[in-house]
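Take a look at this single chain in structure tokens; it is the form predicted alone.
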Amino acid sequence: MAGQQTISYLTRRFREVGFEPVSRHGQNFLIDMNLQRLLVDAAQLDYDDVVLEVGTGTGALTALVAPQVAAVVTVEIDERLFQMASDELVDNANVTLLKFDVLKNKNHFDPRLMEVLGERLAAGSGRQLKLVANLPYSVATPIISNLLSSPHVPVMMVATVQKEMAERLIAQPGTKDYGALSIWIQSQCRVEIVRLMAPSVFWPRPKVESAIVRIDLEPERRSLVPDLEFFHSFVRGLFLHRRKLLRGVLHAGYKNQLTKPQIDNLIEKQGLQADARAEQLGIEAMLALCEAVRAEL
């Protein structure tokens, strides 16, 4: 299967099983095998790695990854693609295929996935988790975001995502793309765009450009966040109304716990102006404000 995912191969195989790609499931297949290999190479795979793949598709990426790692856990929501990939990967003993929606809801993974990942990680000493995937655009944000607060946090995530999301991941304060996702990821990780990709490298062609991103967990940076769950919720709350003044957003979010004078005092103590907005705060300033608020609750 590895290296065979061309348009002619896909159309022939799909015709054989009576399958047509479904856009709502993000079924756009990467047909440029050089980019497929670039994705794999960027993950710097090792025989101690356990790889999570979301969106098995035909199993082309799985087949490239499997010989290089201890185990692959790959999840596919579509029954027909699941069966097709199962047939293609039958000889890969270290691949576990799962058929369900990887997300229980927008903030949590299906617990069955976490259970399997835990088993594969515990099966050998020194094993570490990596995400390597051509992510369906509709679930890319919750998957990447939620993995940082899951029971099994990956040391690296390499994935194809929509270009717009890639720009949000690397965005800096004061820019239009800077938001809750930028802060949450950058507070714990180093992020880079490996390659931008035109719609023509996929079939069917999506209507947007894509990118391969690499996200490296930095434990020292992550350790500076005392309460990850509170910080995640705090940041998301501040960007629900990104154009509003920071003091107004804080008052709306904590009106039952903090008075207006308390909030004004918090903002002043952080050295922020009364007309400051959340999008102007860098990671350190956001974390400091978060901790100041948490200390008052």
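Treat the numbers as computed from the prediction; the structure is a model and nothing was measured. Throughout, we count residues from 1 along the sequence that is shown.
One more form of this protein exists, namely the form predicted in complex with S-adenosylmethionine; it is left out here, but the text below deals with it.
Annotated contacts: 141, 179 and 184 are all free of S-adenosylmethionine in the predicted complex [non-hydrogen atom within 4.5 angstroms].
Taking the partner from the other structure, S-adenosylmethionine in the predicted complex has no heavy atom within 4.5 Å of any heavy atom of residue 210.
In the predicted complex, no heavy atom of residue 166 sits within 4.5 Å of S-adenosylmethionine.
Remark: residue 49 does not count among the residues lining S-adenosylmethionine in the predicted complex, judged by a heavy atom distance of 4.5 Å or less. Using a 4.5 Å cutoff between non-hydrogen atoms, residue 81 counts as a contact of S-adenosylmethionine in the predicted complex. Contact with S-adenosylmethionine in the predicted complex, defined as any heavy atom within 4.5 Å, is confined among 169 to 177, 145 to 153, 111 to 119, 94 to 102 to 94 to 102. Shown without its partner, the chain has 53, 54, 55, 56, 57, 61 in segment 40 to 67 as residues with a non-hydrogen atom within 4.5 angstroms of S-adenosylmethionine in the predicted complex.
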